[in-house]
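So this one's two forms of a single chain, laid out as structure tokens and tagged structure 1 and structure 2.
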Structure 1
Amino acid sequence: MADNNVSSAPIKYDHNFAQEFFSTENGRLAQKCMQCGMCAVSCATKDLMDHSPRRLFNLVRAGKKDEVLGSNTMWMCTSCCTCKVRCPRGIPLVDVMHDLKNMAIAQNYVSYPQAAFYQAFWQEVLNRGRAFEGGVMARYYLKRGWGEIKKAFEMKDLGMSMLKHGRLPMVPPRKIKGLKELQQIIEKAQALQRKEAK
């Protein structure tokens, strides 16, 4: 008897994906996972995740790139470090999640709002050497599009209250001294990271 719930769409496997992920700074440590599930039972946001970290590592090994990078698991991680502390193999799961976020952004898997926020925050810090909340918000809403901009207008009372109480500065801070040197350091670090990943 045929199962009507089985999709006829082809399953996509990327044979190089696991190798690519395991070559990242912390991705290689995910290979030590013994599938005990301690990370899943320790995680405060596991109910919001598409897959537990343990399951995500299995999907990496299976070469399911779209399922891994398109999942919300790494974006739901709050970096509380509970999983990192409890992992019997000492896998720094928070750092592994950060590598997955980097991969997702680099390969344009950016449908989650957290991805837009990460990009906005990073661009703001790269351009000023520090974060300006107004700049981060503007970049975030421009990345998310008109729907999110309309939602921002719905929160105008909150924004006005924050401005009134000095919690949201109107004027951007000065750029840091030595910004060019900071940008050169970041460029060098990124080049080293790319070189190590090969």
Structure 2
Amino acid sequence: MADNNVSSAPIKYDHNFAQEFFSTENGRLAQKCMQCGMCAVSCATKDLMDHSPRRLFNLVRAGKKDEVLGSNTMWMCTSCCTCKVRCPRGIPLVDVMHDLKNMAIAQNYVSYPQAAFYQAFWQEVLNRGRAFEGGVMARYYLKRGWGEIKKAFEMKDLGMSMLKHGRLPMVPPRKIKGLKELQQIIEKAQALQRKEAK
């Protein structure tokens, strides 16, 4: 939970972080946040978050980089879009959360399992052109190591029933034919994106 204790020590704000965040594609839209809290009361997973989205945006303004990028808030977001639909300022919070995840991964704040899952998913897309679910799972478990693999064994009944009902193909589909072109497109898109952020 957030630290609500009031200290008499002077607060040091780091405006660089706010600027960094507000220069991202959707982060700039979070500048419109008026702290009404509609996102917090609408959120499907708020109870599990270190900070609600509202509080997170306030922490951005306060320059609390470590608290923001190290928090689980964006990783708990399920992209259900309820906050996005309800935000009176029209902030696409789901997309802002994407930017925060992106920033967190780029700056190596990757301790949450979701960060490993996201990276596993992307590796699958990048290497195959399609996300083969078995491949995503395998990459995820390898990234997370033994603890997570043990959990996977606890869920073996579920895996077996999915196999039995033809819901878990073990053989990946073929890579897309235009994989090389797709990779070239991605490379160019990344270069353009970096240029745009400057």
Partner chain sequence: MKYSLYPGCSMEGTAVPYLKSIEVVAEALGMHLEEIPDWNCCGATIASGVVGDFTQQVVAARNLALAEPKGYDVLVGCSSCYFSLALTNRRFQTDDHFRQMANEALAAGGLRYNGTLRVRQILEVMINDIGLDKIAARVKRPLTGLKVAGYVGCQTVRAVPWEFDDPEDPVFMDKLIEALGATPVKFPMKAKCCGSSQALTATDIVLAAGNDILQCALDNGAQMLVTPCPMCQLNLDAYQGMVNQQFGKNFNLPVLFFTQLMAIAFDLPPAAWALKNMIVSPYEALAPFGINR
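Superpose the two forms; the largest set of C-alphas matching within 1.5 Å is the rigid core. Along the sequence of structure 1, residues get numbers from 1 upward. Just so you know, these numbers come straight off a predicted model, no measurement behind them.
Please identify the form predicted alone: structure 1 or structure 2?
If we ask which form is the one predicted alone, the answer is structure 1.
K32 C-alpha shift between structures 1 and 2 of 2 Å or more, rigid core reference:
Comparing forms between structures 1 and 2, the K32 CA shifts below 2 Å.
Taking the rigid core as the superposition reference, indicate whether the CA of M160 shifts 2 angstroms or more between structures 1 and 2.
After core superposition, the C-alpha of M160 moves 2 Å or more between structures 1 and 2.
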